[in-house]
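Before any questions on how it binds or moves, here is one chain, the form predicted on its own, in structure tokens.
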């Protein structure tokens, strides 16, 4: 396929440029759903005239519907994008980035989407879609899937779907809530993923950060103990990656603890554990939920994070060595390889 793309690029370069533009439009509609033209101009960086011409072409070939409320992709357009995606990733160089990332960090698989999620919301949605598709592909009947909170995982929850329904599977949160926006909490994301895939779910209604005394007391509660046992049996763990300081502040960490965290060189946070640049755990927050041994024994650990500013944090968690798959964006991927 690579040779075919190269021959086409040499013989009809103007045709390849049109292909790239029209694929980008269809891909954007696939991720974003029905969208107005003005929003597409801003997201894709095309001129209004160029976008209008290409949308008219796609409409004539039955790939999009144009309505007063916006443009949406047809089933045929969706099928075409899904078939073209591997070849387009090769042509755009994303497959090379994926291979280099996997080799650099000893990953089973890397998935890279085009763009920078810090510059465009639709790129974050695309990370979520890619994570949801990978997850759907690796779930086995009876699997328990533990998920963290965060905006990128919330996008994955909105994008994931399954046909037929995953009636034998369970989605569970990795930990309790941070007291933040309910839509970004692990409980909500686990519930949304279950509903969109036809699976079952269990929720953990406890705070994320607990004293040792409170931890011991809660573990005596049968309802809490039962959910925690389900969480710890997870074969698949899907987690985000955060900046250490920001996550510590979200957990209302005391000033002296935050200072100690910085003195220890904490750079990244995942699943309540804080890592320095070399991937060493320098701090952990006691909680009811997934523990380090549970993380290390899970068969599929999928890290989902993007954005150019997160490259250092992503690298720190990957150097820890217990994430098997990375789903990220092009901006983070390139910086990861230059670290």
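Positions refer to the first chain, counted from 1. For clarity, a rigid core is taken as the largest C-alpha set superposing within 1.5 Å between two forms. All of these numbers come straight from a predicted model, not from anything done at the bench.
Note that the form predicted in complex with the DNA isn't included here; everything after this is about it.
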What is the one choice in 71, 199, 135, 111 with a heavy atom within 4.5 Å of the DNA in the predicted complex? 71
Among 291, 308, 285, 39, just one has a heavy atom within 4.5 Å of the DNA in the predicted complex, namely 39
Although the partner isn't part of this model, could you tell me whether residue 277 comes within 4.5 Å of the DNA in the predicted complex, counting any heavy atom of the residue? no
Is residue 50 part of the interface with the DNA in the predicted complex - any heavy atom within 4.5 Å? yes
Any non-hydrogen atom of residue 59 within 4.5 angstroms of the DNA in the predicted complex: yes
Would you check, heavy atoms only and a 4.5 Å threshold, whether residue 67 touches the DNA in the predicted complex? yes
To test your reading of this chain, name the stretch in 59-67, 308-316, 293-301, 267-275 whose heavy atoms come within 4.5 Å of the DNA in the predicted complex. 59-67
Does residue 46 show a Cα shift reaching 2 Å between the shown form and the other one after rigid-core superposition? yes
Core superposition between the shown form and the other one, C-alpha change of residue 73 at least 2 Å: yes
The CA atoms of residue 45 and residue 101 move 3 Å or more in the predicted complex, ending up closer
Considering a change of 3 Å or more, are the Cα atoms of residue 136 and residue 72 closer or farther in the predicted complex than here? farther
